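In the form predicted on its own, a lone chain appears below as structure tokens.
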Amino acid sequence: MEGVAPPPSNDDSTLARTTKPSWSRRLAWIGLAWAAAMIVLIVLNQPGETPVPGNRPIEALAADYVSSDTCRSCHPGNYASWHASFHRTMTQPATPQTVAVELDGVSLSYDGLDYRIDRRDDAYFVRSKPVGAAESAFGKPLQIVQLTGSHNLQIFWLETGDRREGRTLGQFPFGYILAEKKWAPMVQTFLVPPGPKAVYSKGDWNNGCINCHVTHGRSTFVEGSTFDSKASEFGISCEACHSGGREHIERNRNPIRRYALHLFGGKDPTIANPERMDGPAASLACGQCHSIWAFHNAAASVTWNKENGTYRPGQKELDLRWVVQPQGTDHPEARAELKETDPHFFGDRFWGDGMVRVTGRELNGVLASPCYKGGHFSCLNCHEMHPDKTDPVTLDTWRRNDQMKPKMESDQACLQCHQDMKARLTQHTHHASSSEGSRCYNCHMPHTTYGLLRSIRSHQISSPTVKETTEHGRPNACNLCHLDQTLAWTAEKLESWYGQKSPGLSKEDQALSLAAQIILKGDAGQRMLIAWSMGWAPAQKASGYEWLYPFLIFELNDPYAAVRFGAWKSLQTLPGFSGYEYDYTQEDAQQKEAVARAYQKWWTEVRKPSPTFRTQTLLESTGMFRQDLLDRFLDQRNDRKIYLAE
């Protein structure tokens, strides 16, 4: 019948035609299968995206930032010098390539706990247990996820171990002192009073260090002690000094524009260059970090926390913050709040006359300098960020010399502006032209700043006076070099040479070495400055070194760890004590034993019987302390707790 299909046939050929694909179709399927297999193979062999760490701050571009890697192709020389700098390594993830010392197997003990560090692949983990407890008592491992510093001290930051706290960091209680190749409790790497067991609390990196140790950091407080912190780049990168580079990159994709700028020497408005700025703007580019600053108010702090500020290098003022000068009258409400929340805020950062006394805050000194008033003087008069030569030797020397320009460690630093002084240098200094007393910076930038376990030059250009010592306790430049001399001696010289009227002085200041007095009765910061100066070669040459031993040995038992460290390092510069071993972190009883051993060594092996020690140095003619003066000055010691907030 029409329209009805015939019954199925049992013929094999018919079945073959209706149930099997043709050879062409078979080949097509084979081809598709082969292509699919290749795609799968390629995907499986592609490097997967690196998982974003959830237990530490991360790099995440924001605003107009594009990262230093984007700058590299057009500016390879500048990139090379930046890459060699300590700025770049200010903050780094913790890896075998970035840690300053091999961590695997390190065992340390502090404050009743044993710590052990173990390596797993390219990560390091810390476990702790009570001192003396069995191995099985070691607790949960916490990863060392981040590092701060690579020049003087390397600090190690831990994950908290709580997923709810995300990118919040905790503090590993030890830091590594690079020059000494020594582990030390963090609390003993800062000038802080004895007693506290930690310098940093959980979240302090997120809430504090991030402000200056990365580029465009956003702490992003969530709740409690929890942070979701990010930075456009770890360390201090190109855009920290040159501003965000997004527009610069886009505009300069046009080769004609680049050629025209190069040919006619034009300034590119799409990028900041501190070398082409006036003094105030160039200095602020550095001072956005290198200053003591505070937020305008709580609202400014909240904004900064979320998205950082809108300040970019080249601008004349910070947007949410202000540079704190203690003698100023600006921002009265913020000043009052600082004093209320931290009564020691100014005293732990400034001398009584407003001169900054802690390192890393150089802009405060520059702002107060007469040179700055002319509008041309800036940090870049003496320092450079990109030396002309980028060979490894040049870059290593440059970065270890505080990124100074050539010859800027000499009088040329000052004579580049004060050219008339060159012809009358000795007339002005009253010292031989070849002596350290004729070096401009020894008188006008003395070592009255503390930081990084040593004394550092002040960046406030000033002239030595007696009043800075009598009224504010700051050792003056003359007595920091002539350690054996009295304050009256300095007063007489300054009056005779420069017409400074001598103030009334105490009997002690008329008869006894100022340095000898300060190292016994000064506050911890003052004691450290003198202890460091006793190891300074120009001071040893000017004042003699034989009488310094008893003072430095005595200070090996100072209550402040930083002062003990300074005394030990200076003692090592004296004949007979080179390489002298001493653990400045040990307990009080062991310190006293170390003092006795060092004193015995000096008395029997090093002390020369011929010199007669002068009474103005507080010593008997034999070298023994004059006991009445020692007791008196120790009774007068300024025991105010001091934390120099470097």
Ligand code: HEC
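Note that the structure is predicted; figures quoted are calculated from it, not measured. Position 1 is the first residue in the sequence shown; the rest follow in order.
Separately, the form predicted together with this ligand exists; it is not shown, and the next lines address it.
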{"query": "Residue stretch of 147 to 155, 113 to 121, 504 to 512, 555 to 563 approaching this ligand in the model of the complex, non-hydrogen atom distance within 4.5 Å", "finding": "147 to 155"}
{"query": "This ligand contact in the model of the complex: residue 335, any heavy atom under 4.5 Å", "finding": "no"}
{"query": "Contact flag, residue 497 vs this ligand in the model of the complex, heavy atom cut 4.5 Å", "finding": "yes"}
{"query": "Interface membership of residue 128, this ligand in the model of the complex, 4.5 Å heavy atom rule", "finding": "no"}
{"query": "Non-hydrogen atom contact residue 285 with this ligand in the model of the complex at 4.5 angstroms", "finding": "yes"}
{"query": "Option touching this ligand, based on a heavy atom within 4.5 Å in the model of the complex, out of 312, 290, 569, 331", "finding": "290"}
{"query": "Candidate from 478, 453, 524, 187 lying within 4.5 Å of this ligand in the model of the complex - any heavy atom", "finding": "478"}
{"query": "Site check 299, 325 and 339: each within 4.5 Å of this ligand in the model of the complex by heavy atom", "finding": "no"}
{"query": "Within 4.5 Å of this ligand in the model of the complex: residues from 513 to 543 (heavy atom criterion)", "finding": "536, 538, 541, 542"}
{"query": "Closer or farther: C-alpha pair residue 378/residue 391 in the model of the complex, relative to this form, given a change of 3 Å or more", "finding": "closer"}
{"query": "Direction of the Cα shift between residue 391 and residue 382 in the model of the complex, where the change is 3 Å or more", "finding": "closer"}
